Ligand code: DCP
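Consider the single chain below, provided in structure tokens and representing the form predicted on its own.
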Amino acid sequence: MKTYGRFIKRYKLFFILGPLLMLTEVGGEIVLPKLMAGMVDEGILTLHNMDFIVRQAITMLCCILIQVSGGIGGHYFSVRAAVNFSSDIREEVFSKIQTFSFKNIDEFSTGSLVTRLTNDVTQVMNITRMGLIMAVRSPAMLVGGVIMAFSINARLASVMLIMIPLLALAIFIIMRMALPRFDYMQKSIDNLNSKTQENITNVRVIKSFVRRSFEVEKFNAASSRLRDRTLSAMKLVVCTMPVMTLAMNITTIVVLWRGGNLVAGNEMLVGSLSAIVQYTTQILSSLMMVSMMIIASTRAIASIRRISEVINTEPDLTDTDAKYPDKTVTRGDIEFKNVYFKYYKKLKTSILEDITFSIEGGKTLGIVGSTGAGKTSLVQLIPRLYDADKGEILIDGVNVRDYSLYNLREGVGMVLQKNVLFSGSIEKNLRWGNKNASMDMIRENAEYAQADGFITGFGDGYNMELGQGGVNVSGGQKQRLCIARALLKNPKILILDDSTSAVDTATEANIRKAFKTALKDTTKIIIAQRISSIIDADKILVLKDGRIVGEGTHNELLKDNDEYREIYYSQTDREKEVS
């Protein structure tokens, strides 16, 4: 309740009015059978008094109007409360995910987070709406029906006191058995969502490798697992309604049989028997509604737990202990001091070991090395996408942990190894770098990234709509758009993680030339597979197995470093063979 209480407070008026108005409906529903019994017993069978019958009818009509008004109002405010409550939870979960570090996100699968934001929140909304309508209505109808039935004939009403505990026990057993099954079912939904997202995102790869049948089998297996677990959970749920209906019918038969004997012996009037039958139906119906709510709550409890896991997860990276939260990156000086890092802390070996180097602001740092050498891991530590396990990373002489995350990342621009664009126009995508940029600034930076030429070649130019992930542009075009987006940010540190691998060497040379003009005061870190991409860098790092095995300019490394020389000659020899 502590987690969700603050959401309820925002809409406490709706949470109060909904159940209160439902009580009004219940009051009318409980009084009506008693009024009907009086009309039949006194107005028709005994007194034949038309005035009394009319008065009773008018009273009943007023009760019905109050009942209908209360029911409409109760449902309206309950729905308003549930929808607003769940909407705020969804926004809270989404906002919390945005604060997660990469390590936090790694702990949840993407499919699981999507399920928690959609299906799980919907389950919470449904149980909240159902609870506000039924949590007060059903118990009130149960208690009110029992009291009214006993006020008419205690001996006949006592029949229901035998059935109620038995039904309550049955509902409790079903709930205990259903809860773990619903938990498994939600996890199966996670798995299915992950498979679906992976399949649709990578549909081009699937088609190019002719893996359609394999992926269909994989999806069918996940779908079958969800089906089986859903059926396992629903088997218990489907038993509830027949059990409740059977109990209702048996109780009604017993009440009619015993009540008929009382009427035949002139110990009870027909109207009173009719009223008790109606109260019996109301009592058992209220029990049925309670059972439905409890069964629904077992699934919702599983969803609430999963949502709470996200909300209560503490972000791995925070700036609460930052010594200089107002400080910004001004020069772009970078220094690593004996840095160690590994993704999984239980592993004995580190991804990066004893990394020590420095680069002055405005200079260019190149990083080369074989696949898995730790190049991407190294640059991700600069804007604190991950934190180093040991050692220090300084920017402008200040530990990155002492900046606020916002100010640190505002000073760092990144073009990641995986280029990501969003659905929307090209202009909107570029404005991620600077939402207030003028069109002249956008075009200028697109020119620096060698992107303006192909953008203007599109029919709609900068207004062209990109598909999700930028699927309707080529790999090289996507890379150049991502570079233009980063340039618009005008960062003091720019990190390019193998971000020109899909462009030709002439275009890449033009991009490097533009960097010298547009980013002369920006520290540039370039991870590259091609030596030509970093040949002019002020300093080059050579990484192997998470360690720096070479540091210097191109000429220095070519002279003194075997690892660098091997990479260089393997590429130049290959170029000679191609030529």
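One rule holds for the numbers: they count along the sequence shown, beginning at 1. Owing to the predicted nature of the structure, the values given are computational and were not obtained by experimental measurement.
The same protein also exists as the form predicted together with 2'-deoxycytidine-5'-triphosphate (DCP); that form is not shown, yet it is the one meant from here on.
Put simply, R116 is far from 2'-deoxycytidine-5'-triphosphate (DCP) in the predicted complex: not one heavy atom of it is within 4.5 Å. Although the partner is absent here, Q529 sits close enough that one of its heavy atoms falls within 4.5 Å of 2'-deoxycytidine-5'-triphosphate (DCP) in the predicted complex. The closest non-hydrogen atom of K375 lies within 4.5 Å of 2'-deoxycytidine-5'-triphosphate (DCP) in the predicted complex.
A residue is said to contact a partner when one of its heavy atoms sits within 4.5 Å of a partner heavy atom; T371 meets this definition for 2'-deoxycytidine-5'-triphosphate (DCP) in the predicted complex. The stretch from 85-93, 343-351, 320-328, 274-282 that comes within 4.5 Å of 2'-deoxycytidine-5'-triphosphate (DCP) in the predicted complex, counting heavy atoms only, is 343-351.
Of the residues Q417, S223, S308, S151, just one reaches 2'-deoxycytidine-5'-triphosphate (DCP) in the predicted complex with a heavy atom at 4.5 Å or closer; this is Q417.
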